[in-house]
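Two forms, one protein chain; structure tokens for each follow separately as structure 1 and structure 2.
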Structure 1
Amino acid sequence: MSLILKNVILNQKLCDIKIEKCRFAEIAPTIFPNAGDEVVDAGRKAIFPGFYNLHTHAAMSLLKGLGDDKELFSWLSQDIWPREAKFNADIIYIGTKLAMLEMAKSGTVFFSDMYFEQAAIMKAVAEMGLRAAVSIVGFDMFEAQQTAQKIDAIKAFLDLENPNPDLIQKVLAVHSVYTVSARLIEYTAQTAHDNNMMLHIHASETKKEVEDCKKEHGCSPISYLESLGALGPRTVLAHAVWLDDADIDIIVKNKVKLVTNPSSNFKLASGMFQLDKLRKANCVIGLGTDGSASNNSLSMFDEMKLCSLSAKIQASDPTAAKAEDIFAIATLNGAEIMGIDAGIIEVGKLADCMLVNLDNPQMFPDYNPISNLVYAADSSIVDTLICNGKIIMQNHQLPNEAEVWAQAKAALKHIN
């Protein structure tokens, strides 16, 4: 059975689109459905790739609004880590579903998660129908006993059953150089290399992190990670705000990927990502929201606008970070970084897309729809979300919304 999108607008032209076996199978002025095909009338709706959120902590959706207006290290130690100590697998399962509800409503088809209780997270992802990279987080606070426990946990994670390999990929992660020992970083990096897995790391997020690393190790976090074998083409560094020219050279040499998280970096006053400079250095860049507790939104629309505007200010150049470039960072770049054959509406590509309501003030007039998406739009424009060829949301509603809300409200009673 195929899915036929009738009267949809692609690149400002009316057409029909057939989705078959999870991929865009045909784009034509008119496509006649066969018996049994599912047909969606997409009149007055435009089709765009869905978003790929390359860095978040989904279950922290239950911590939104806690410890606002603090710098990173105080926020983590005083507000976040003590509350997270109350989390269990059930709480993380529910928090992840709540995050996916918000992400789906704002056009996100994929998220790269860095959190705990991977089985619970994968269960939530499989039920909600989005794509995800689920990581096990290296985090030992330099205690040998915890290092051994984390190594055992990584081994168990490798054997953990993946409930939907078509949508879920396993990833290894290192929290940061200020929470993880050299032994655990080296082990995690080697394991990722041996198993052809992505490696996800917070790096050079704050000035303090860089200064402390230089005092402790005599080099920047980027140089330190390289010395431990943690940098390579499958390494994704989140934040990467405080980079000098030597760091950038190391990143380019090792073909490391970067993810910027402007809302979180602004809220925590961590600094401003050097987008224009890094793009000119040929760094590969994706976009992420970070977690709800430090953003406090999971909308990629917000991230796109802030990403563009901050880059223009930093470069003192209104032509920097054009809308088309930012939209590509949020869609095609993200898919390519994660090895997903998607991120563009094209025959043969995986059908990850959103249908946007054009009868919305944020999308009118339509001189440049991409400009509207980056500079004007919010989640209210997203009518339909399709992931891997399956309709996840229609009429801005998910089929299990009421259940997710009920579970989330109950979960709050256990952590407050």
Structure 2
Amino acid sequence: MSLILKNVILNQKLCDIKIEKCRFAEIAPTIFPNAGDEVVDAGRKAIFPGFYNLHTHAAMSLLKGLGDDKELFSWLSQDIWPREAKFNADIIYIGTKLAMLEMAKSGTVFFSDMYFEQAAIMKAVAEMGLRAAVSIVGFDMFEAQQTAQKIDAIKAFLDLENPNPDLIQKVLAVHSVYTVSARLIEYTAQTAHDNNMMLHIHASETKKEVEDCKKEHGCSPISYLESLGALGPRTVLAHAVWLDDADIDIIVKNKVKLVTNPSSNFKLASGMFQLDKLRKANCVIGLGTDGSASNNSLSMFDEMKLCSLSAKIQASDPTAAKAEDIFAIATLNGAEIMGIDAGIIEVGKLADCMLVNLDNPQMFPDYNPISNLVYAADSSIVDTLICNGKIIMQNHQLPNEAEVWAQAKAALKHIN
């Protein structure tokens, strides 16, 4: 049984698309369905790949709008930590679902998460039908007892059942060089290497982090992570704002991947990612929204636009960070970094895509639809979302929205 999308606009041309066994199976002017095929008339909506959000903390959706516009420490200590202390597996399950509601409605098919309670998160992801990388986060505040506990937790995570390996990838994470001991970084890196898992790390987000690391270890966070064996082709560094030329050489040499989170970096006044310079140095770059507490949107539309605009202003060059390149960063690059055979509408690729209303002033005129997506569009244009060949959303509505709302409202009462 296949899914046939009739009357789709692909690259500004009308066609039909057949999806079979999770992949695009045929793209042709007309495809005739067989008995049992599901047929969806796209009604001249345009098809684009879905977005791959390479760095977020999904369950922080329940903390959005708390203590904005504050200094980092008072924000964390007065607003975030007291409520996170009330988080449990149920709350995190619900917060993750709420985040996925926002992500699906804005065209996102995949997110790379860094949070607690992996079993609850995997359950939420499997139920919503999106893709995710779910990580266990190394975080020990340099206390030997916490290090030992976290090592046990990583071992247990390796054995934890994955409810849908087609959608969910288990990965390991290190919170940062300023919160995790060398022992735990080394252990996590070695375990990731031994198990062919990806390793997700916050690195060089702020100037202070870099300065403190130099004082403490005599080198930059990038150099320090390299010395601990944490850098390789499966390492993804989030933020990576404060990189010098030596850092960039290390990143390129080790084929490390980078994820930029421009809204978060701007909102926390951390600094500007050097997109243009890093692309010219052949770094491989993905895009992420960061969590709802520091962005506060999970929309990759917002993030693409700021990613481009930030690069242009930083390079003082309006030709930097062209729309097509930024769209690739948010789609194909993201999928490739995460080892997902998707991110482009081509026969053979996994069917992760969205259908977009073109009768919307954001998408008209159609001189350059990709420019419209990057600079002019927002979540209101996304009608249908398909992930791994299955329809997740139609008419901008998910089937389980009412249930997610009821759960989210109950969870909010619990933490406040």
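Shifts are known only where both forms have a C-alpha. Just so we're clear, the structure is a prediction, and the values are computed from it rather than from any experiment. Here the rigid core means the biggest group of C-alpha atoms that line up within 1.5 Å when the two forms are laid on top of each other. FYI, numbering is relative to structure 1, first residue = 1.
Structure 1, not structure 2, represents the form predicted on its own. Positional change of Lys70 between structure 1 and structure 2 reaches 2 Å or more at the C-alpha, relative to the superposed core. Segments of at least three consecutive residues in which every Cα is displaced by 2 Å or more between structure 1 and structure 2, once the core is aligned, occur only at 70 to 83.
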